[in-house]
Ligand code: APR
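Okay, here we've got a single chain as structure tokens, the form predicted on its own, with questions on binding and movement later.
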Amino acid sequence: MSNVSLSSSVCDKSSKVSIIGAGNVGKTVAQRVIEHNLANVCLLDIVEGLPQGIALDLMEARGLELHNRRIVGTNDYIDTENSDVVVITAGIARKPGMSREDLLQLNGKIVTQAVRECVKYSPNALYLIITNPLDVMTYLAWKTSGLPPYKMVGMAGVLDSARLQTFIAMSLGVAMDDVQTMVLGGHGDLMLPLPRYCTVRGIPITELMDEARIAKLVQRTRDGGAEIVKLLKTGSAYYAPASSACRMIESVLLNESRLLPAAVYLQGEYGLRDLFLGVPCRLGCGGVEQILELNLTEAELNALHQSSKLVKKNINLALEQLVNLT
């Protein structure tokens, strides 16, 4: 393991989470956070009335959901001041036939502008990036923010691992919470599910399924987001992404130091440098506390490096696009 930052502090009941973007993902993250009684929420969007209406609707549900958290809707970044966690979901969602990479220019501009504004008011917050293409957006957010890298993290591996967990449980007909999974790499077609690190009550799935069956589940995981986009036709996934973000927020605010796969800044781990990529890390109140280096096989390490090459290529393309826009 490599140490990045350690913190022993625990966030208190006055914790605040600001969510930038009141689309399906953003408003569902807001709902998850307050109904799990994790923090008060500020929901921001550029569309006047949209975050205010969502906030009021969620406030009116408090008595029924039995919590006393507050949520405020706003169009003004000053209302995000003193946040403990800032979640960036703003951007354009994928449409059928659109790859994550197609979103580079437009979402890059949106994310960098949002981060620049948020850092003015919450320079000590942890920043959680959800906007796609996620690994690239996390890098751009970090470059824009001026924050240390352990204060910036992308929500990728938690979602991808949850999808693989679902497909394994469905295929074997076992209880969902008996299944543990691990997915590394970029949040895209070259993500790296690790079957030998996937277990059912401690038993590797390699002992429960043949290679062909596992390969189908791995591919379905890689296509997980696109499969939902194709089915919905006019939108993309948001329930599972919101739950994944909430799990990460919970680990930060409660200082649980959960070991989670997430897009973090690599400085030599796995032989990779200067990019955000999905690997296991400990996430606590101080941010990314540790990065765990798994003992990968040569084939697995090569696959991770292939995934990183695409991420790096898109980072460079995004940086060029942003320079041309300024």
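Residue numbers run from 1 along the displayed sequence. Everything numeric in this text was worked out from a predicted model, so none of it was measured.
Not pictured, yet referred to below: the form predicted together with adenosine-5-diphosphoribose.
- Taking the partner from elsewhere, no residue among Gln165, Pro193 and Ala303 has a non-hydrogen atom within 4.5 angstroms of adenosine-5-diphosphoribose in the model of the complex.
- Of the heavy atoms in Ile110, some are within 4.5 Å of adenosine-5-diphosphoribose in the model of the complex.
- Using a 4.5 angstroms threshold between heavy atoms, Tyr77 counts as touching adenosine-5-diphosphoribose in the model of the complex.
- Not displayed here, adenosine-5-diphosphoribose is approached by Asn24 to within 4.5 Å at the level of heavy atoms in the model of the complex.
- Contact annotation for Thr138: none of its heavy atoms lies within 4.5 Å of adenosine-5-diphosphoribose in the model of the complex.
- For adenosine-5-diphosphoribose in the model of the complex, the listed stretch (46-54, 257-265, 270-278, 284-292) containing residues with heavy atoms inside 4.5 Å is 46-54.
- Along 137-152, no residue reaches a heavy atom to within 4.5 Å of adenosine-5-diphosphoribose in the model of the complex.
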